[in-house]
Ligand code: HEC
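Take a look at this one chain, the form predicted alone, written out in structure tokens.
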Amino acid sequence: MRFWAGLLLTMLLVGCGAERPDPVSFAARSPDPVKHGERVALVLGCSGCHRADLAGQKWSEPEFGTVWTANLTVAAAEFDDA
């Protein structure tokens, strides 16, 4: 048992001295606002509830009744390009 514990400790200490690669980074925001919005919608999974056109849809569950997801195109119309 001591042999394995010593081997594990040695491997950990050797591994601590190894060079580590630089962390992966990416642009947090695309310079193109449309591309940024597409990325956010994809990452957050918006089309799962709001459909691909973001118009919303009806969800019927026997336990909960009928629920409608919001029509995001109505809210988006209130925003300008800025």
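Residue numbers here begin at 1 and follow the sequence given. Quantities reported herein were computed from a predicted structural model and do not represent experimental measurements.
Just so you know, the form predicted together with this ligand exists too; it's not on screen, but the next bit is about it.
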{"item": "4.5 Å heavy atom contact, residue 75 and this ligand in the predicted complex", "value": "yes"}
{"item": "4.5 Å heavy atom contact, residue 50 and this ligand in the predicted complex", "value": "yes"}
{"item": "Interface membership of residue 34, this ligand in the predicted complex, 4.5 Å heavy atom rule", "value": "no"}
{"item": "Residue 55: touches this ligand in the predicted complex, heavy atom cutoff 4.5 angstroms", "value": "no"}
{"item": "Residues within 4.5 Å of this ligand in the predicted complex, restricted to 29 to 59 and counted by heavy atom", "value": "44, 45, 46, 49, 50, 59"}
